[in-house]
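Quick heads-up: the structure tokens below are two forms of one chain, split into structure 1 and structure 2.
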Structure 1
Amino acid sequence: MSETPRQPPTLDTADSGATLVAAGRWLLDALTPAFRKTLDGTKGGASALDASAVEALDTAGALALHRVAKRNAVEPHGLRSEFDALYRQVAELAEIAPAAPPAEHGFLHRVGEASHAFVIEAQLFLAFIGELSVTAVRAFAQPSRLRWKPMLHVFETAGWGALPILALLSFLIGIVVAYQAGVQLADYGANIFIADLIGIAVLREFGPLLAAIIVAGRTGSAFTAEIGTMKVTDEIDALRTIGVSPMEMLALPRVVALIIIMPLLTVFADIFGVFGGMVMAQTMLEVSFNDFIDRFLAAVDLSDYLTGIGKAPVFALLIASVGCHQGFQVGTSADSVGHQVTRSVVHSLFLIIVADAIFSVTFSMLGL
């Protein structure tokens, strides 16, 4: 028994073009590009659409038939009952207007959104600081709860690993400051006062600030990436499942270790910053090392040194807290890790500069 040939879809005219006649199988696989082009080229003006000869109809065919009917402002008649129900449903959905694109918001709206996001971020960070403080009190009340192995790892990576780059940049900063100041001092014959400027500038500002910036870029971002990756891989949820506090296991050791190591890094930055100034002073201003050191000891007080060292633990607390907090804010995708790492570095640098400005104003008011 031979198979009945499949009738392709057709759209013809009758009654001198007053009536359109749809016939055949109006199915997706039969709606060829050539037939679709024919449908698109059909001119309007017909007064009726006869679909009684349609043998098969699916949603694609119903949509094509609806477009022909809409172009001629007519309704198809003669469809089988099952075809007519499908056609009515497709026609109803086709008439639903697409969602309008969101209107572009004005300046005040964008300011409001940014302010709201800032408030939410501040609330989350304060909540993190509160939880970290409670965890720290509990851990120091029971020293056996402290995780020493992660702390030693931070000592190695954030401390020992940062020494080469910190030494190089501190040395270069000392050279740059000495050069810029030396040009002015040489005009007035005040070469020896380069020791005063280098000593105060490096010990009070550049040493702790440079150490904090380097640690924020190296270590703070690493904290975020490490914790964020653990969250993406569900390791943090696994810690909670076995009864281990992620705050106690991951955040507290990093914060404590960085607070301990940052003053030592600041001392290291001070040494190489002053040494860079000494090299430039001897090279450009003909101030020997012995003269530089004598003037340095006479001009710089112990308070200048302790002022810079005192900033270091505060900077460390900000960097470690922001880094760990942003790590816990990572979502479920790898892109989120990169996004939060960027936020971690930006927020850390912002808070460091703000804290340094507050220190400067406070020390000025106290006469330090």
Structure 2
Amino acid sequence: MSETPRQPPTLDTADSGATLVAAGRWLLDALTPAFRKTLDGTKGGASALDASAVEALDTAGALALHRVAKRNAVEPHGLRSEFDALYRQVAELAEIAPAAPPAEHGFLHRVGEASHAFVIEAQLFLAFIGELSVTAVRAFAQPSRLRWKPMLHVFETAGWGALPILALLSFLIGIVVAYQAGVQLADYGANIFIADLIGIAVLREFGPLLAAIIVAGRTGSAFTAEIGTMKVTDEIDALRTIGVSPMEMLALPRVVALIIIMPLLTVFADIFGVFGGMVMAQTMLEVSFNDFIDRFLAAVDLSDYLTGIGKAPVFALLIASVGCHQGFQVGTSADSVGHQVTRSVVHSLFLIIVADAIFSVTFSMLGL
């Protein structure tokens, strides 16, 4: 195309101010700040806007022209037909008010909203538990429906894979508890009671709790992420159209496998926790391994051991169902996976502590 002389945009008056005449190229780069200022400075009151001499128009120019027209409460006439569609579209969009920022709500409003969200969340979780139970009953009535392969996978990743970290952390907690208790016991010369203390504390509380916390962090979050990713990629919907229930295929094997594996992990945590206490007892309190074990066997009942182990399946059920439930709650975007994983861990830790407190109260009432 040949170089056309760049005619700057102009806005003049004719008919002694009654008509505004727009001319030239109303383009973004031609709309200089100075020209914009003159546009803003023009007084309203013209009764017509002649735009027939506008040679070029883009969105910015159309908006500027629209503002002039609006200030004078007139419609531009004579605009070339090829600019007309653009001008009309811009004029229409210019009338849409910008979205108002969301209003700041008061304290009461926020508390109400949070409570409502909590109730909804609880309802959804309850619905999930219900569906899971129905699926479980159906699967146990017809064991061929149980899927072993995903369960073996959970045994491997959630069980076997957790052993090193669980061993280390239990051992360290054993040392920490033994140290704190040992300082007090040494003052009274009651060193040997470290075995009672470590035995009961680890077997009843720390073993199951540690195992649960580690599994919630490693495996509950993984459940959410795995199922959530399948949700994002429509794989869950694909399963359903193929005629496979995602509950049966994805949730049930995970929950059942975790319930099986969790007591075993708790035993493992118990062993290393007690061992950590033993090591500390020997180095700090001069209680030999033999003395410790003698005292341990005398002090600790089978019931201490069983109450600890008994909590494990409950924790497993909580972690696995929260993990799977949050996975199914993932929306259509990838960032909601991360969001739900966080919720999954927070919710399972919350529920584990609450459940543990309920256990403590119940056991004390039963005198266990």
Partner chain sequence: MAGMDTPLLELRDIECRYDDGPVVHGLSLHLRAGTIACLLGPSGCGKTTVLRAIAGFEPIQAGEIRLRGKQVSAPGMTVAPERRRIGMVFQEYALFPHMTVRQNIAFGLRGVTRDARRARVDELLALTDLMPCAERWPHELSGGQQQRVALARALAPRPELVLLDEPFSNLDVGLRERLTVEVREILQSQDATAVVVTHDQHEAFAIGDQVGVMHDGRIVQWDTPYNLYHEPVDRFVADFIGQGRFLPGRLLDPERLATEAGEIRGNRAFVWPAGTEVDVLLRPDDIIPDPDGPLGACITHKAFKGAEILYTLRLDAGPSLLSLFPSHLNHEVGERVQVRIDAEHLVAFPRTEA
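All values reported here derive from a predicted model rather than from experimental measurement. Superpose the two forms; the largest set of C-alphas matching within 1.5 Å is the rigid core. Here, a residue number simply tells you its place in the sequence of structure 1, counted from 1.
Only one of structures 1 and 2 is the form predicted on its own; identify it.
Note: form predicted on its own is structure 1; the other is not.
Take the rigid core as the frame of reference and indicate whether the C-alpha of residue 85 shifts by 2 Å or more between the two structures.
Residue 85: C-alpha displaced by 2 Å or more between the two structures.
Does the distance between the two CA positions of residue 309 reach 2 Å or more between the two structures, the core being superposed?
Residue 309: C-alpha displaced by less than 2 Å between the two structures.
With a threshold of 2 Å on the C-alpha, tell me if residue 347 counts as moved between the two structures once the core is superposed.
Superposed on the core, residue 347 moves its C-alpha less than 2 Å between the two structures.
Looking at residue 32, what is the CA displacement between the two structures after core superposition, in angstrom?
That residue's C-alpha is offset by 3.8 Å.
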